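Shown next as structure tokens: one chain only, the form predicted alone.
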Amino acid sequence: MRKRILSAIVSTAMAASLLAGCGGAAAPAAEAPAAESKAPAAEAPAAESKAPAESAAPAAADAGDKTIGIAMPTNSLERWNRDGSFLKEQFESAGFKTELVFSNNEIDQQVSDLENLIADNVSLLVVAAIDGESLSTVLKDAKDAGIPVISYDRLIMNTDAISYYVSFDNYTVGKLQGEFVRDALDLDNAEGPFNIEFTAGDPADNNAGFFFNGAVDVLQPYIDSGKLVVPSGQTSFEQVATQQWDTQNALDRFQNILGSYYSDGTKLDVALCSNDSTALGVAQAIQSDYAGDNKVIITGQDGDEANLANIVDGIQTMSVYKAVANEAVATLDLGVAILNGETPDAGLIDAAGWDFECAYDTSSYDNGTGIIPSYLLVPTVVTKDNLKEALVDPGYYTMDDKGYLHPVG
């Protein structure tokens, strides 16, 4: 059994200053509509991990002569800094050269970045799309140039240039949030009713629909029975979506909800947020604008440092953590197999000997041109009660003497 992925990082990072920031198959879910990103295109370097993590993959032939192009959406979110850093580290530790770019949530910038990587004749592209609908033309160029493409974390739509998809079981992320709310309120036994409001993700992110539907599928029976009530009436993805997963957008919308539906003292029991950046805005709105005095259950996803601090402080209730360092290892092993001329399938998981759960899925993710073979890792629920066990003991974070967590890297 291989050591957990970040075991080598922990000993190094303990002495260093710290940076901020695969089980069952996914169930099918409705896709979210596409929308354009409008963030300005400005570049900044990504945070880099300090020590190589382990991979069981054999090196590709002449790895030193091959360059891996890694395209991330933005470095304005802690999550993508971590992904870019771990991917770069993994491929370089295997002997590859890398080109890592961040496109600052600007669609045109990501297209340009990919054009440049293709012009640089990279051997493999690993792409986390800003807008899953916007890359079909540029990725046709990659296919014509013989460059394989791994769709990373977010499924890229409407192109047959995609070889594989590596992500977490995104439907399960939302399902875990819904189950947490169900159990926290004891919905199967409590009389109720309880009031809940939803905050979902970016319509341009294909994953956002999976997160939202996973949660709603758990909670819909209780909404139908009247045990859960949504006073705002905002229950569709389109109504609760948050452009660019932006904290300020989530804050503004939730302040309006509180002012319109809760200013008379109506009790809010749950704010179900699809990720941590939106949860941060919702939590700020509740702290400043909520008239009630009860603790509101607030969900999240990603384990961002500020949100983990809110969990420690009792402001946010839970987050679904996705070990992106493990996702980077799976991507490396998949990429090496592709570059070695193999056609990876479920056998890659056994051959790699990963010590994390992953499923090979050939039914759930249709990008409009057909089913994309997918490697899906399993996420973890994190609460104040299991922060050390889930995040510190495996080496993903360190804990200071006040109980706050900081990413290792």
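Start at 1 with the first residue shown and count on from there. Predicted, not measured: the structure shown is a model, and the values here were computed from it.
The same protein also has a form predicted in complex with a small molecule, omitted here; what follows describes it.
- Segments offered: 282-290, 140-148, 299-307, 91-99. Contacting the small molecule in the predicted bound form at heavy atom distances within 4.5 Å is 299-307.
- Under a 4.5 angstroms non-hydrogen atom cutoff, the small molecule in the predicted bound form has F211 among its neighbouring residues.
- Although the partner is absent here, D153 sits close enough that one of its heavy atoms falls within 4.5 Å of the small molecule in the predicted bound form.
- Not displayed here, the small molecule is approached by W245 to within 4.5 Å at the level of heavy atoms in the predicted bound form.
- Residue contact with the small molecule in the predicted bound form: Q110 places no heavy atom within 4.5 Å of it.
- The putative spot formed by W80, N207 and N275 is fully lined by the small molecule in the predicted bound form; each residue has a non-hydrogen atom within 4.5 angstroms of it.
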